[in-house]
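Structure 1 and structure 2 below are two forms of the same protein chain, each written out on its own as structure tokens.
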Structure 1
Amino acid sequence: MFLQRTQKFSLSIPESLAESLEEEIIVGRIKSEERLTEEMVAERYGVSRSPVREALRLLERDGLVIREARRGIWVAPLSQKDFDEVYTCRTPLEGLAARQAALSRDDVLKKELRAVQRELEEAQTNGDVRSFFTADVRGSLMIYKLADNRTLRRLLQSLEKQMLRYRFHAYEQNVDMIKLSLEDTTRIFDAILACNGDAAQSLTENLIHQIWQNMRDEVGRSFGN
């Protein structure tokens, strides 16, 4: 699916477990509020409970599951309130990333970003949704690299997974936002390549804010609040 399976050999068992579980939660094979018992997961993946526990801690860190001491772990529920929380936090952080990326002078990375930009245009003219999506994801990763801010990256990563759950839901509901995205994404990339921090930041914040509002009604309809 749209989650690229990066099954590197350097991934530890807890990390691979976490990845698998994340994907299952994101695409809904493991449903909201479903309980996850350590033994079940362990048996299913053919490992002991030790790495499972670590994997579940990772999921907890990313907000995908809720843990209550001595009671167990449940998949975090989806709601419009949670959705709003994720996007209110994400907006300024993504804006910051774009700004710091723009202020970077790493010409090698910036050339790569331009290449991604061209890929996006191409995917758009060809109507290739999948290519557009993967190029978009790579563009984000490039921006994070350019921003060169491990702390910011850590924070954004801990929002990413929960956000993907809503994004997948929107995808299923055919809430199309690609046309909206290309034009604005292009402008953001231009600003970054032009080393215009202010523009990159505000354009990014506006884009995410628009995506947020686009998805918001559907999320509210589906998950209440």
Structure 2
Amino acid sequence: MFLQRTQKFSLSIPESLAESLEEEIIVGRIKSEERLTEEMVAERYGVSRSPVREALRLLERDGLVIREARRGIWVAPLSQKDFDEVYTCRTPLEGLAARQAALSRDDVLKKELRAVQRELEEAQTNGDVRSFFTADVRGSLMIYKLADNRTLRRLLQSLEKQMLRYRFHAYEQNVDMIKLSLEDTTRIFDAILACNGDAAQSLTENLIHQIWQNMRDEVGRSFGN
């Protein structure tokens, strides 16, 4: 799973099912506004309806599905307006995380960013969007860990799932976004390793703003305004 917050062996059936559904929603195999029923999910994954019910509650908690009385459950919609709202909040929060990561004294974890950079380079060379996205998300999680700010992490988590849906869409729809992300992510990692908080924050905010502005029209065409 992209977020890799739990070990697979420790997950309950509802948690494991929720993570599988989460991944399918993030990469678009389950579409924006697609209706979900307990029966459909149970049949698709070969489980009973009881864990499905709990899994859907977990997805509702994380903002990936919406439930309304007499209307049922469906995947949370994507739109240009929502995209703007998410990225308006994401830009300063990610910048602050990068700044605080640069100030961290955890040199071991910082050096692991170089391994992520190599994975990003290999994925770009191979044209592997899924691997690039997975490595990119792992790099972000390492930066959050380096920042060591529980309040900041909680704020980012509130945006995380919806944010990842747009992030994957950007990489999948526009290969230039991958090139831009790799070049600027390398500079961000350099700044973090150099303990340059100002540069890490500025570069991060600039990268996210560029992706935001470059993808707005595409998001509007794909999902509406």
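Just so it is clear, the structure is predicted and the values come from calculations on it, not from any experiment. For clarity, a rigid core is taken as the largest C-alpha set superposing within 1.5 Å between two forms. The first residue in the sequence of structure 1 is number 1, and each one after it adds one.
Taken from the structure described as the form predicted in complex with the DNA is structure 1, whereas structure 2 is drawn from elsewhere. Comparing the forms between the two structures, the C-alpha position of E205 differs by less than 2 angstroms, with the core used for superposition.
Shown in the overlay between the two structures, fitted on the rigid core, is a CA shift at L96 smaller than 2 Å. After superposing the rigid core, the C-alpha of N196 moves by less than 2 Å between the two structures. For I66, the CA shift between the two structures after superposing the rigid core equals 7.6 Å.
Look at E34: with the core superposed, its C-alpha moves 8.9 Å between the two structures.
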